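In structure tokens, one chain follows: the form predicted alone.
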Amino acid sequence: MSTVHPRIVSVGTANPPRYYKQADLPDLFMIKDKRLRSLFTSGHIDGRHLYLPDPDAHGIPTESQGQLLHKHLRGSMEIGPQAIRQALEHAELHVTDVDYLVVTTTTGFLAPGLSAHLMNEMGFRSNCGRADVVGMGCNAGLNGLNPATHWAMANPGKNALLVCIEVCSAAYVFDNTIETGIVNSLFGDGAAAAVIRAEPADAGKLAPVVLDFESHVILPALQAMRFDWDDSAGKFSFFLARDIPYVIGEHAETPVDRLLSRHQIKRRHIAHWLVHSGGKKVIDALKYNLGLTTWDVRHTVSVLHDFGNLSSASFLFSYQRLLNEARIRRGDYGVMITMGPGTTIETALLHW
């Protein structure tokens, strides 16, 4: 019997139908403060797909916390199924072929979680296993890929499905402060799904083996990325520390080098880098500290430019662009990197 390996068989992505040009948003929401307006004109984001209500008379999209949570569910149930259907179609599977479902999100809390809502909406089998990964932030995609991969390895031939759904506009607060302005100018809405299955090598198919994972939690930066309750707004508000790009960059080598050293691989052996589109300063810090080139992070940069930061779904958007580029060769190695609250850096090693 041939040795089986857990592979990423297919991927799918989706976004809300409404697209906003980044340069138009300050006028749409009547932002007068020059410092806030400058956040929307830096050039590294051209536009984003968002679920936004029409502004009120003061230029503010007024939504209560309850309305934001409802928007999260409503939006998730629009873009999540679209990404799932795309991934399943590419794998020539039906929703009833899925045996294990892992769903990640940080932009809304539900009980039951999104996995149950997706099962009910899309017709998954009632005995499909499921897990919801909630509250881990932008790094959560790899936190979801890890258990999906290990489940697939323990159940060869069966199909695991990872789904990352982030309605980041359901976490926006409009209060004309720099802190919330950074969040509002950076994050977009999107969903991504990936089919994972343990199967023998197939000479006719370039589906990468997920070889290994490595995590690194920077505990002194525990509060650098977090949700706070804003009493005045009556909403949760996401906070990003000013120096977080440099903290991530300073520590990025640690998990990457641990991951590669276990497999006797050098950084120069990595053909493909699939990095979370966290923001321009984050990308620049990773480039500097890991010795990556502009070419290495081309998909990371282009996803940020076209969609903004899609939180846990970002890395699969980059992976899809790599597949569409059709430059992968058998024998290539790839590294996935995601970063988020904790502060945490997650990595995974791929081999085609």
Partner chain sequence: MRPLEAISFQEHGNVATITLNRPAHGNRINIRMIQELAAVCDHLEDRSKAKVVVFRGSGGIFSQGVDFGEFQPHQPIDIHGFNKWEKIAVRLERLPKVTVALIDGAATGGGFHLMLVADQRIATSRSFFQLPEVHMGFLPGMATFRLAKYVGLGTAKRLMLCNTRLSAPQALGLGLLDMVSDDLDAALQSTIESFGPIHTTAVQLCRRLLNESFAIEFEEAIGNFLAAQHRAVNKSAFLDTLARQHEK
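Positions refer to the first chain, counted from 1. Please read these numbers as outputs of a predicted model, since none were measured by experiment.
Here the subject shifts to the form predicted in complex with its partner chain, a form of this protein not shown in this document.
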Quick one: which of 206 to 214, 73 to 81, 110 to 118, 263 to 271 gets within 4.5 Å of its partner chain in the model of the complex, going by heavy atoms?
263 to 271
So its partner chain isn't shown here. In the model of the complex, which residue out of R130, R226, R258, K280 has a non-hydrogen atom within 4.5 Å of it?
K280
Which residue among E199, E250, D230, E179 has a heavy atom within 4.5 angstroms of its partner chain in the model of the complex?
E250
Do L69 and its partner chain come within 4.5 Å of each other in the model of the complex, heavy atoms counted?
no
With heavy atoms only and a cut-off of 4.5 Å, decide whether A285 touches its partner chain in the model of the complex.
yes
Test of understanding: in the model of the complex, would L39 fall inside 4.5 Å of its partner chain by heavy atoms?
no
Should N289 be classed as touching its partner chain in the model of the complex when contacts are defined as heavy atoms within 4.5 Å?
yes
